[in-house]
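Single chain ahead, written as structure tokens, the form predicted alone.
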């Protein structure tokens, strides 16, 4: 049994490597002693998004990457798989979150992604009434719309949202705070506000042809097939970018039936921002990589595209092009919030408690860190919740 391989280190480097500092030896010990529900509760105490993080976390470079088994040339404990086991058991048995008695305080969370979910759950556990606003029809943020289906399904995302909703958190979807609903209105109704709005749409390349039909941005592509909207890709797909989202889009395209999928990246293999294990998985899935390939234009050629590359490089033919070169900052939305300091399109916060330059506002997640992992957003949301509790009292 995998749990019995764990050494249950007292000063566990795996727990230190986790941004939410899950007590890994504790939750694995509970699995080893057949207390799987207790294991799940130990995970959720630290990270309410334990289900999603068990599936999307880059464990190779976090908890499993720090496992002491590496020191004796042995395979690391499969922490991610053990966490999935505990969380699947918890949800299959109707697990619920604890909630504290009402303390009369009210907090709004703007955005319904991982940072806001973690913040809302922690506040509700401590008796705060929380309302989460999001402009999309479904809550969950990138967990629902942006993480590739082969990693995390919308149904799993909804399970986490529903667990938090059952704890007493209110969700208002279709509410675009900053446009249809002003921050002034939010301020008048709540004692504090948490901003967890993530980032904006995929950045444009700024080259001819990128607005042609059949040229998609990666997040829209992933959101479309995750919400059961058919995506006709054709046989050949070209993905532009070198990060984890580009990998997600390319692997998803292969699994949706594209015969030839190529990732075109403007630099070399060593400069890719995608994790090495993601890169290797894509290669195993049959994705081809073209390095030092910076597109200069997309030209319609019959029913397909010709991806024009710099002189000396042969053009790449594709039926669909997917752009995945990073997300833009939500400067327009953030600019609607009064007296909040921004730096390069990100909200500036006190890293200890998530508080912004406007003391009534706290923030966390991608709108603060510029785009990191789900587990980082969960850690920042919970940290901000503790900051809000301290400020309110």
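Positions refer to the first chain, counted from 1. Remember, predicted model here, so these are calculated numbers, not experimental data.
Although it is not shown, the form predicted in complex with a small molecule is what the next lines describe.
Asks: State the residue from 290, 299, 309, 175 whose non-hydrogen atoms include one within 4.5 Å of the small molecule in the predicted bound form.
Replies: Exactly one listed residue reaches within 4.5 Å, namely 175.
Asks: Of the residues 240, 237, 169, 197, which one places a heavy atom within 4.5 Å of the small molecule in the predicted bound form?
Replies: The residue from 240, 237, 169, 197 that makes the contact is 197.
Asks: Considering the small molecule in the predicted bound form, find the one stretch among 153-161, 206-214, 109-117, 94-102 with heavy atoms no farther than 4.5 Å from it.
Replies: Comparing against the small molecule in the predicted bound form, the contact stretch is 109-117.
Asks: For residue 83, is any heavy atom within 4.5 Å of the small molecule in the predicted bound form, or not?
Replies: So residue 83 does not count as contacting the small molecule.
Asks: Using the partner position in the predicted bound form, report whether residue 295 sits within 4.5 Å of the small molecule, counting heavy atoms only.
Replies: Residue 295 lies outside the contact set for the small molecule.
Asks: Would you classify residue 122 as touching the small molecule in the predicted bound form, given a 4.5 Å non-hydrogen atom cut-off?
Replies: Answer no; every heavy atom of residue 122 is more than 4.5 Å from the small molecule in the predicted bound form.
Asks: Does residue 133 make contact with the small molecule in the predicted bound form, using a 4.5 Å heavy atom cut-off?
Replies: Judged by the heavy-atom cut-off of 4.5 Å, residue 133 is in contact with the small molecule in the predicted bound form.
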